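Shown next are two forms of a single protein chain, provided one at a time as structure tokens under the names structure 1 and structure 2.
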Structure 1
Amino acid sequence: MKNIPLLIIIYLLIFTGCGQKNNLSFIVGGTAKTFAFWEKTIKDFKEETGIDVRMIRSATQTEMRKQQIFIALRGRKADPDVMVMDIAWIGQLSASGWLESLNNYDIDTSAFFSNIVNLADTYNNQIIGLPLFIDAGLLYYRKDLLEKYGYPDPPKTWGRLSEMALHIQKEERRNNPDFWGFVWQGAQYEGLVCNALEFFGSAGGGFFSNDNIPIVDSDENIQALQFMANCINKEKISPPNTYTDMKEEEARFIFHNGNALFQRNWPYAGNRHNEEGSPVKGLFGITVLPHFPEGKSVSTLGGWHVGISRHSDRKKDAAAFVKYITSHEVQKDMAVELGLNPGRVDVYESEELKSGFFGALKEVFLAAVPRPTVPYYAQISLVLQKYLNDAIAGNQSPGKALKKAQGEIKEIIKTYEK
């Protein structure tokens, strides 16, 4: 009779469902503002469907978010059921067989940008994700300062950006020693690769040729990487901690506090800069990134997509949630409240979006250049991160760094494509 308490516990566990999870789980990363948005959305969803959703808060940085999701999926955990995934790692997730096909759940996928769905969300003819929002790199500039120093327009070329930054930084430093000409993302992480693709592309270079051959050590790329390094080490228009610390939020804070003339960042930053109480509210403009004289402006295609885990034990409810958060209404709210570019085409037609900056920059998003979509992109990115960062830190010349990167990338491709 000693075992009676234990038997009761086992009975309770089996027959009352204790120990079984009862919430649908949704993993998403971001800032406090993002979490507040999702909390409200989850509440509305519960009101409409009666389904509870538990939000798993993840980091802001893409690598950390990826790690958390990959650990769960590798361990075949039932949580998270629904995931927000970076376009940079969907290829690896789908090739690992970890994403549930959305084809069987009555979700209208035709409302989304078809080129992006084809590029990122289609695997073996199945739709395995949907774009929640699309990112593209943009140039933020201080309208008031350009005007103050007699520049009628933002710069079209990198050379002009550098000239303006040098001049205005020098003048502004008289009163503000913390002032910088140009902030961007140079820390050793995925964001650096996104920035580099823009500099390289706008010199006529890139990572891969049209027929998928790596062209990392091309002359165009070397010239562009030299420019990036010069911003920090020669012209000194970008802070010395660009290569140690500067990620999206670090750059955003500097610009937000009125301490930078130009900033490269994704669209979310504009929404934050325009908030009530922001020191730069109403003082900045947003435009396409500059280019080198022979090239044209290039933005990297970023963005976050939603998908369902193959190991989910609540797939039907998960699909209902995906359908809800990709609906016209929620996508519109996300655009208005968080300043994110909807993955749904029809949302751009709504009154709230037509007039704003979404309408004006829609072309930039449609023309944005993707990172290589191969399943082993993560390995390629790690190599690029290492050598790009080393070059902008001034530890090796752009030519040498890119030559080594090219060699290692070729090796990676050989291993995977044998």
Structure 2
Amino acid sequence: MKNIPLLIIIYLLIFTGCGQKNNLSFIVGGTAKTFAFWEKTIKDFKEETGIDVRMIRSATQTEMRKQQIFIALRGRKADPDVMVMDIAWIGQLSASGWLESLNNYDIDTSAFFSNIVNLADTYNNQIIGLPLFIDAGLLYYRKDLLEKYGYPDPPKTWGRLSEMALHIQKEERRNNPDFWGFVWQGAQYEGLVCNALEFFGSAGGGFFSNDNIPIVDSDENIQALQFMANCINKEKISPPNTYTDMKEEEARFIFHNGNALFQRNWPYAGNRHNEEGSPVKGLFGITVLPHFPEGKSVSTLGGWHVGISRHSDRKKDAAAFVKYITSHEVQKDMAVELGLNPGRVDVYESEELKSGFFGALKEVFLAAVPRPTVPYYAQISLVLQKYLNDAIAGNQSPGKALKKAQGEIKEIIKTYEK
């Protein structure tokens, strides 16, 4: 066995030799608490429908989860029938023809965020997935400090954020030299691409046009990237290690410890900031991200979606399970018990969720857009990571960096289309 690749061994262990093919199979990842939730949900589903479901616990790391699913689908195996997918995979899965259209299974999508279903879960006019739980970038701000320095509201524009951050950072550093105006994700990894999509989109730019033509080196993107670099190198409202070390947890840690005025992060950070003993518990608020004067707020969509394998031999039962786990009650329970953000708009109107942190997230998700849903997104992301990071580090101008990125992305597309 030592010469067999590890992922193939994983596939053999998980998807074969189980003697349970009569059961519907559902692959999902998460923590022990997450698995306990799904075990209970599966039990409730069986009591209601009589359908047995076997849960396959996938790997902790996102890339390993992806490989587990891709190996099975590439091999045209019937298992798993139902899968939970990272939003970044959907383009490749769809283009490969591996996802079953949900259009023929009487699944009502009207209760979900329409922007998310239309932009992320639709391929060739077919619904091929549903948002199970979602994420989107948002702005955290210190309510107490804005009030202290006479600012009645959080910033609507990036220019206003910079102005407020400069002022309050200067004043707070009289007693706290470690204080920063704005922390965000700038290290060379996927999180930087997510941040850039928000800055670019809020300037009226983006990575691709509506016709899937790359527009990486547009004037709007250059303006936005210059602002990102200025936050670190000119205005100095963001830490100098933003482009070397700053990922989600690094930014959260600074804000959590009371050392930042503004933070861009995902909703999970709010749950941590609200924990007992948190130095910022009760002192922060959340809102949509700012925009440039002629643009509008944009948040990068994250999260996990549920779909059915095209190779499933239990498609009707699989559709029934998908409808069940995306129902109002299950989505509400998922939010209450796991703190995950439902993919249904109507759940945010529930008594348990409509006030407080969950209630504030609804507007953020309405402004969310996915990363490009193209099958070659993984290669594009690596190119963007390299040149975006080089620009915010000050190693080359935003214009030159984006021009180089545009050229390499065009070559990737040419290779893919051959």
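This is a predicted model, so every value here is computed, not measured. Sequence positions of structure 1, starting at 1, serve as the residue numbers. Under this definition, the rigid core comprises the largest set of C-alpha atoms superposing within 1.5 Å between the forms.
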For the form predicted alone, pick structure 2
Q) residue 141: with the rigid core matched between structures 1 and 2, does its Cα shift 2 Å or more? A) no
Does the distance between the two CA positions of residue 45 reach 2 Å or more between structures 1 and 2, the core being superposed? yes
### Core-aligned CA displacement of residue 175 at least 2 Å between structures 1 and 2
no
For residue 85, the CA shift between structures 1 and 2 after fitting the core, in Å, is 4.0
